[in-house]
Structure formats: structure tokens, C-alpha cells
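In the block that follows, a single chain appears as C-alpha cells, in the form predicted alone.
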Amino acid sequence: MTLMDQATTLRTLASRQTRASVIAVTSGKGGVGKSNIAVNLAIQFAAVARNVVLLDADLGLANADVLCNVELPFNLSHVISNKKALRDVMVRAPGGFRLIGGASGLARMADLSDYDRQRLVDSLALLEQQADIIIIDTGAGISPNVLSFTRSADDVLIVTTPEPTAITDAYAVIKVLSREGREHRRLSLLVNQIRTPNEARLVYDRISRVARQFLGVSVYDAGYIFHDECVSQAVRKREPFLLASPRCPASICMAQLAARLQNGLAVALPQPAGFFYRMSKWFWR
């Protein structure tokens, strides 16, 4: 899909909905490149969309700002504590998207008053009306904080690698999410750091077959990202690989990933409410 085709798809999405599409990027275990995928996916979308926001909600290892080499004077915890408005904590990141740092403030959700929680939901819901696409970089695993973001997203992008432990943990995420039974959400699998396309196909076939047989759910094939030395070099330079090496194999794969996700969002069923209002019920648990 060309940039012009992607722009047409995004205009179609905008005409069919009054809120942003929300993609939650998650993984069963750490170290599979989840945050790097989220950052570069935001850049890829920002190339064709007017307004893309990345929310770094990895409470333990929030590092999107490090990957982008940007300073975050404020983050979402300042919104929770009523010290800053949401617009004050967003920064323009390399590649044209806006970044909201998560930090540890979200971990205090259970301690917030009803008023503070509602104020936060209202702030984030307003953001939904202003953005085209919101990407949520969740933490790894199946903790309540992670699940609160993945339960209500339009598309949950589960990142794994060909390693057996990563495959097992990716399936565990799918298993937990399948219990929700929410028909509006799509589960997608991305295989990162592959050597050959056939390696990615074997991983996807294995997970999707077991999920369909034992969980009764379909897992969408989001494709793969090659193991690419350009990615490692970009991380060391604190520069997104899409900007450092736009023609490297990993960058080409990223364009294909964005196209696959956009196609799925374009045919998604209308949502009864925005993401953050759907998510808000988990704030009160």
C-alpha cells in the first residue's frame, strides 16, 4: 500500500467515525521489541495521518522517550495529580507524532478519588475526539494495568519473537483476552526479529491454530519484522529506525504492518463508545 493509499484509508476512517482508532501494542514477555514497534508504528502512521498520539503506558519500563531521544518534563502522572492539563504533557516526537509519557502515576489508579478518575477519563476522551490514531504502548504480561488498556482497544497488536518462551507468553495473552469475548476488538499477532518469512509463518500458524482450536478465537496475521542490524544501531543512537534507515528491511516491514492494521480498522464494526470511556469501567474495579 502506497502513502497515497494509506492517506485515502485514513480519510475513510475519519468520515466513518467521530473518534480516534486505538491500537494497543502489548506482549507476553519483555525484551521482544514491543516499545520499538510502537514508536516506529506511530511514525509510520504520522506520515499519512494528521494527528497520531502515542501513550507510553508501560508503567515499569516506560522508555518511548529514550527511543526518541526527547525530554519529557511532564507525564500522565502530572495529569492524574491535577498539576497539568493533558495538552501540557504531550510533546512533539521525531517523525511527527505526539508522545504522552506514562511513568508510575497510572499505578495509583486504585487510590484515586472518583472525581480524579472521572477527570482523567474526560481528558483522555477529549483526546480521542482530536486524534486520528492513538497507539497505546502497554507493559508486558497480563497484569491488571496492562489488561485495562488491551480490553477496550480496537486492535490489540501482540508482539512476539520466534523464541519458545515468547511464543508461550504471547498465547497466554491471547488466552486471557479471549475470555472477554468482545466482538468489536481484533487480536493481531506480529512476529518480530525473524530471519526468514517462513519462520514467521510457522510461529503465526502455530499460535493461530491453537487459539482457534482451544479458545475459539481468530488471530489476525499482522506480519513480521526482520532481524535487522539497523534496528540495533538506531536504538544505540536513540533514533527510531524508520528515520535512521528508512529503506532497511525492518522499515519496509513496518510500512507493511501499518497497511495491514489500517485495512482492519477500516472494516471494524462501529464502537458503542470511545476507548477511554469503555476503559473507565476498569478504573473503578
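Not measured: the values here are computed from a predicted model. Note that residue numbering begins at 1 and tracks the sequence as displayed.
Beyond the structure shown, there is the form predicted in complex with a small molecule, which is absent from this document and is the topic of what follows.
Picking from 212 to 220, 41 to 49, 227 to 235, 255 to 263 the stretch near the small molecule in the predicted complex, with a 4.5 Å limit on heavy atoms, gives 227 to 235. Contact annotation: residue 30 falls within 4.5 Å of the small molecule in the predicted complex, judged by heavy atom distances. Within 4.5 Å of some heavy atom of the small molecule in the predicted complex lies at least one heavy atom of residue 192.
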